[in-house]
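Next up is one chain by itself, shown in structure tokens, the form predicted on its own.
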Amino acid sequence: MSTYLSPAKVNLSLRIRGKRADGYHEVDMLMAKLDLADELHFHNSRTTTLLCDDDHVPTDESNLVIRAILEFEKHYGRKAKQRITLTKRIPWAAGLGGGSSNAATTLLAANEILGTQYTPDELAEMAAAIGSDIPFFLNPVLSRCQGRGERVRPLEAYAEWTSPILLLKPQFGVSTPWAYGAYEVARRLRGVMYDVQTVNGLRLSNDLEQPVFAKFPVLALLKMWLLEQAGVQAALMSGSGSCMFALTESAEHAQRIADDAKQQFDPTLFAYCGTVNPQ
């Protein structure tokens, strides 16, 4: 058995630059790895199957892990034959890239286990064919991601920058295709701060807050509450949500705010205190 960690990401920034001819949106994002991660276990087998400990996660060809194996097999020219067990720690439909990370990790694992020695560029081509965020996870350092998200450029000036972070996610998720589809017609809520926030020279904002907050105003309330808490440097939504995050001055601040959020909003909130861009 071979075991691989599959890290979550946070969108420090997500700007939409217009609609593309292929139907996707042109985006300009800052993405960074978190120390929150799923685990993928690979076993040699007669056929390829996927098992998962989370009932919310499909295990058929709609799962990006299976799609990654199928894409890999197109290049490999034969069956990969792996029994894959996925242990989920990254919440679903959160804007944390769990599925995309799982797919990228599957490509990296298959390349290593089967000894195919595909280059990073070849793996990136496979990743881009599966989904827009997947190339980032092949080398998840703090990066600027453009195009559909598949053009990844590491920000070397911030290679060693790191920060405590708090993640808060309610029980519901948000559909990424819906969020992008609703972007152009969504209205802004009064009293909600959508402006750019700056931390250590990084400009943080998320254009998808506009449609998501209009449909789920509790997320807007959660953002504004986070911005009022002592020790918070910035707070906004990651990706298409529903996960909100706060960069904090210390791990102690993050834990205190997590405890308070559960008391004031919902005791069933998913809360995670960790590190963004861990070294």
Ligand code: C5P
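Residues carry their position along the shown sequence, with the first being 1. On a predicted model such as this, the values are computed, not experimentally measured, just so you know.
Another form exists, predicted together with cytidine-5'-monophosphate; not displayed. Remarks below refer to it.
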Next on the checklist: Among the candidate stretches 118 to 126, 136 to 144, 191 to 199, 170 to 178, which one is within 4.5 Å of cytidine-5'-monophosphate in the model of the complex when only heavy atoms are counted?
Outcome noted: 170 to 178
Checklist entry - Looking in the model of the complex, any heavy atom of V27 within 4.5 Å of cytidine-5'-monophosphate? => result yes
Checklist entry - Given that the partner is absent here, does P267 sit within 4.5 Å of cytidine-5'-monophosphate in the model of the complex, heavy atoms only? => result no
Checklist entry - Is R148 close enough to cytidine-5'-monophosphate in the model of the complex to count, meaning some heavy atom within 4.5 Å? => result yes
Next on the checklist: Since only the chain is shown here, I'm wondering whether G98 would be in contact with cytidine-5'-monophosphate in the model of the complex (any heavy atom pair within 4.5 Å).
Outcome noted: no
Checklist entry - So which of T162, T85, S132, N111 reaches within 4.5 angstroms of cytidine-5'-monophosphate in the model of the complex, heavy atom to heavy atom? => result S132
